[in-house]
Ligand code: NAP
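Given next, in structure tokens, is a single chain: the form predicted alone.
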Amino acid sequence: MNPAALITGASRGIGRGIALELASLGWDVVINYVSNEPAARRTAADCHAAAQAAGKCIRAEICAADVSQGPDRLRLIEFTRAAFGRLDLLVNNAGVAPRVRADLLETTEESLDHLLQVNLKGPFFLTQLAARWMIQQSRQAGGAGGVRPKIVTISSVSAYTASVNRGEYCLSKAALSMLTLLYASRLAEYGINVYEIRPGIIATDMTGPVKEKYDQLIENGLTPLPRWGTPEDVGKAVGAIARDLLPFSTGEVINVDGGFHIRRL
């Protein structure tokens, strides 16, 4: 039996990169999406191809659900239970940027509420549901092939980098850092390790509108590694966690940012 992963927001971008990496490692995956079913189906097909190329046989299922909504979160967990009967890895990846990049003095309550609902409330309560199930599993037959359950939350360098034209986004990502610490502390007794991955400037649809700006910043030395990050870069970090290469680490932050976090003079 393959271990099973649930990846939110996995039809494209970083979530897609994570799904492809896990599939290549022989994981069954649930590809969560909100509305773009064709993209989700393409990702599922590509997961099968990636697994086949690696000599693996996996299942990739798609499930439409909005993690900001309680009934959808429950349905996503129940879908995973029906599809695979187990959950060995939750990846909280789904997130949104502000609809309008507004100056901090012009930010609206509506925008803040929307981002906190999707980027924070969704992962918080989905993690709660997943953790309860993982605890049940730990009390029963144990992980698939000895795999210990894990939870990964994808945050951002915006967790600690102030951007005054999208302050609500920064707040939501900073809160995810505490979410990781809280759940790492609470779940350690059950052998469930919890991690935060902080991507930097990653080439996705979300960063497309500011590509020229970041091209220039990277060229001028913003990051020690002078290139854009890719969804595959983030996928490899999640893959290392999935392979249990960090067994004595929990509550840990893994930077996937080209060295952006290094303070340099």
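This one's a predicted model, so the numbers in the text were calculated from it and none came from an experiment. In case it trips you up, residue 1 is the first one in the sequence shown, and so on.
Beyond the structure shown, there is the form predicted together with the named molecule, which is absent from this document and is the topic of what follows.
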Ser11, Asn32 and Val118 all contacting the named molecule in the predicted complex, non-hydrogen atom within 4.5 Å: yes
Contacting member of Ala51, Ala237, Ala65, Ala44, with respect to the named molecule in the predicted complex [4.5 Å, heavy atom]: Ala65
Of Leu181, Val96, Leu171, Ala102, the one that lies within 4.5 Å of the named molecule in the predicted complex (heavy atoms): Val96
Thr127: touches the named molecule in the predicted complex, heavy atom cutoff 4.5 angstroms: no
Distance check, Ser155 to the named molecule in the predicted complex, heavy atom within 4.5 Å: yes
Contact test in the predicted complex: Asp205 vs the named molecule, heavy atoms, 4.5 Å: yes
Contact of Ile201 with the named molecule in the predicted complex (heavy atom, 4.5 Å): yes
Segment that reaches the named molecule in the predicted complex - one of 102 to 110, 87 to 95, 132 to 140, 184 to 192, heavy atoms within 4.5 Å: 87 to 95
